[in-house]
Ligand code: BDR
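Heads up, the chain below is alone and in the form predicted on its own; it's given as structure tokens.
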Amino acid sequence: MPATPIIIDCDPGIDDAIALLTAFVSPELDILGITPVAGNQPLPGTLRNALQICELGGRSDIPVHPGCDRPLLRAPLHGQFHGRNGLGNTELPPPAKSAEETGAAQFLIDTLTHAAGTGRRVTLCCLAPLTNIAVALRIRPAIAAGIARIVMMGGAYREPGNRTMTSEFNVLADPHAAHIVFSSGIPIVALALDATHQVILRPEHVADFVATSGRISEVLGALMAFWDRNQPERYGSRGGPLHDPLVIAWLLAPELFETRRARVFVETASELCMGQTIADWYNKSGLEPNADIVTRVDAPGVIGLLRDRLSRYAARGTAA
């Protein structure tokens, strides 16, 4: 079966790094490019981190296109849980690889226009604020025809927010971009906090990952150890939720996830509820559903899948 062509839109980010490293060793995925955006860190940081992770994972062949350096309308907002450099204070060597001259929006437009013409549509893996995607859609709406689906980490429905009382960080950081994407008519699989809080990376998991991940074990262990929120009152145990890697896990093993279709709305006006995602579970709006929201996750299955993929670095020797 041919590999699924994907573009990974991200803001690395510890959990972005784990997602990227998983995708790099998954031959089912044909990674056409990576498009960092401002989010967990300002753009220079997320761009640097993406380049460093490509080199760590031995995938310097993947082009990295710099994205938007601020949200569409609101002031920039950055992450709280990723350390001073976005990678949990882990210091990686300065990247030898350089970013592409073509920016993310133009790369998306060019790639998706070509995909629409050839029929080989692309899946967008969105691990960050949706600014890059929204800008490309606004410049060239016809690129929607080249998108097979958007699989995104973002939002919170029945689960409280992780940055404000109501809102998840990726949507809060650019709610207007999220509104554009949810209004686009493109098929969307939404992995919100309702899903990601079901998969907690506990200390015993970290020890297992470190023992099996070969040459990346030291860096992976440092990233994962930093991710421990130590909030058992919220998560039920030590550890941290595996947000972004669930996007890659869904692509590799959708049978580990259950979804429910609903219409999603994004709050863009209220300061109290800015960035809140509201699901119309019972068709109160009378509008057609625009997303498949993940409601249940086989957490042991996902942990096992990630362990299997990351253990492949043990057989790969040094970075390419």
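From 1 onward, residues are counted along the sequence shown. Predicted model, so just to flag it, every value in this text is computed and none were measured.
One more form of this protein exists, namely the form predicted in complex with beta-D-ribofuranose; it is left out here, but the text below deals with it.
For beta-D-ribofuranose in the predicted complex, the listed stretch (106-114, 242-250, 137-145, 206-214) containing residues with heavy atoms inside 4.5 Å is 242-250. Think of it this way: in the predicted complex, beta-D-ribofuranose has a heavy atom of just one of 122, 188, 193, 220 within 4.5 Å, and the residue is 193.
Using a 4.5 angstroms limit between non-hydrogen atoms, residue 170 touches beta-D-ribofuranose in the predicted complex. Interface residue remark: residue 130 is not counted as part of the site for beta-D-ribofuranose in the predicted complex, having no heavy atom within 4.5 Å. Not displayed here, beta-D-ribofuranose is kept clear of residue 35 by more than 4.5 Å at the level of heavy atoms in the predicted complex.
At least one heavy atom of residue 153 is located within 4.5 Å of beta-D-ribofuranose in the predicted complex. In the predicted complex, 11, 15, 16 are the residues of 1-19 with at least one heavy atom within 4.5 Å of beta-D-ribofuranose, listed from first to last.
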